[in-house]
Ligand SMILES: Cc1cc2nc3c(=O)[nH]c(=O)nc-3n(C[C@H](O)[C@H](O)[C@H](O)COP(=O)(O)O)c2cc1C
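Given next, in structure tokens, is a single chain: the form predicted on its own.
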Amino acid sequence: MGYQLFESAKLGPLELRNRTIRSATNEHLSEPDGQLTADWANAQIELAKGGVGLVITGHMTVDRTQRADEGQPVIDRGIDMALFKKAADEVHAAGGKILVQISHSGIKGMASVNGRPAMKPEDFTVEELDKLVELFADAALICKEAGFDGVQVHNAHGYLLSNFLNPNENHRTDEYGGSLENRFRLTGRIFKAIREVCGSDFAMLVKADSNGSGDLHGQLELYQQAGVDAVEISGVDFNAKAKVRTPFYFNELMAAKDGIDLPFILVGGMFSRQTAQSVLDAGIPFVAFCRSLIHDPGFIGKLERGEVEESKCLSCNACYKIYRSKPVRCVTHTVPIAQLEKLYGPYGKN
């Protein structure tokens, strides 16, 4: 069964205006203490105004002592709710839906930012894992209270929950280590807690690696049992695919999805209408865009209006570090972002 890019679509409890999703992309736009900024909110609003059906924010940490970088926002009871609500309200006013990606940095925690070492799966006591489940659930509840449409739990790219899933990174010998079911236990508890506090009308998605954690089909079965509304498929090596302009993990998903009754979102290598439509034609119902939307937040609207057929993004991957040397998100940009200038200076720390 194929789908059309610009038809309306149902995703869990959400009605989307089209099948395009902005994949969570770290904006690096918080204050140094993790508080939200106007630039962060405006980045989400601009994407919705640009035609994106569903905006997923860059990852926000549920633990302010374990941030991934100095620009990562924190989601806890200290968040600026007025600014948070503004982002949700104005995305809705622009016709879009919005989820918050919630995360814990795990082994990617930045000691220079946090003043403490990054945490590995074996560093947590069982009591600390219980607390972590509560932090994820409360973060989701904060999102619901602010008017967001749901959350996406980040279980990919080497952050904590994917550390637990990865048998090479999870060295626990208790009920949270060993078998796939044990390594999934923390994630499953988090999903259950979110659903209990937020209800079935609040979307609950997951971002998952197609590689790095073993049996993808087995993972998808566990996500289905956990009651998630959709799975976005990525991979641990996504940042090594500079210049690749074809779907990164299409083959991995197609080989693993048989017998799984869940909507899938595919991210990576989406730079043109033709590529996105080819994924939809294969029966994958949603496509996610990342670097093309860093380059031009209005790219989706331009595709829909027929103004462009392909992104002018260079797919050079310089967006992973350019903000540290110039206050912009893309090498092609010339207008500074105020918050990046505040964090790094007009010419960066170098």
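Residues carry their position along the shown sequence, with the first being 1. These figures come from a predicted structure and were not determined experimentally.
Absent from the display: the form predicted in complex with the named molecule. The rest refers to it.
- Only one segment in the set 304-312, 30-38, 45-53, 291-299 has residues whose heavy atoms sit within 4.5 Å of the named molecule in the model of the complex; it is 291-299.
- Only one of 150, 96, 106, 268 lies close to the named molecule in the model of the complex, with a heavy atom inside 4.5 Å, and it is 268.
- Residue in contact with the named molecule in the model of the complex (any heavy atom within 4.5 Å), chosen from 273, 157, 86, 185: 157.
- Residue 14 falls outside the set of residues with a heavy atom inside 4.5 Å of the named molecule in the model of the complex.
- Though the partner is left out of this view, residue 176 does not reach within 4.5 Å of the named molecule in the model of the complex, counting heavy atoms only.
- The closest non-hydrogen atom of residue 101 lies within 4.5 Å of the named molecule in the model of the complex.
- Mapping the unseen interface onto this chain, residue 18 falls outside it, with no heavy atom inside 4.5 Å of the named molecule in the model of the complex.
- Although the named molecule is not shown here, in the model of the complex the stretch 37-74 places heavy atoms of 58, 59 within 4.5 Å of it, in sequence order.
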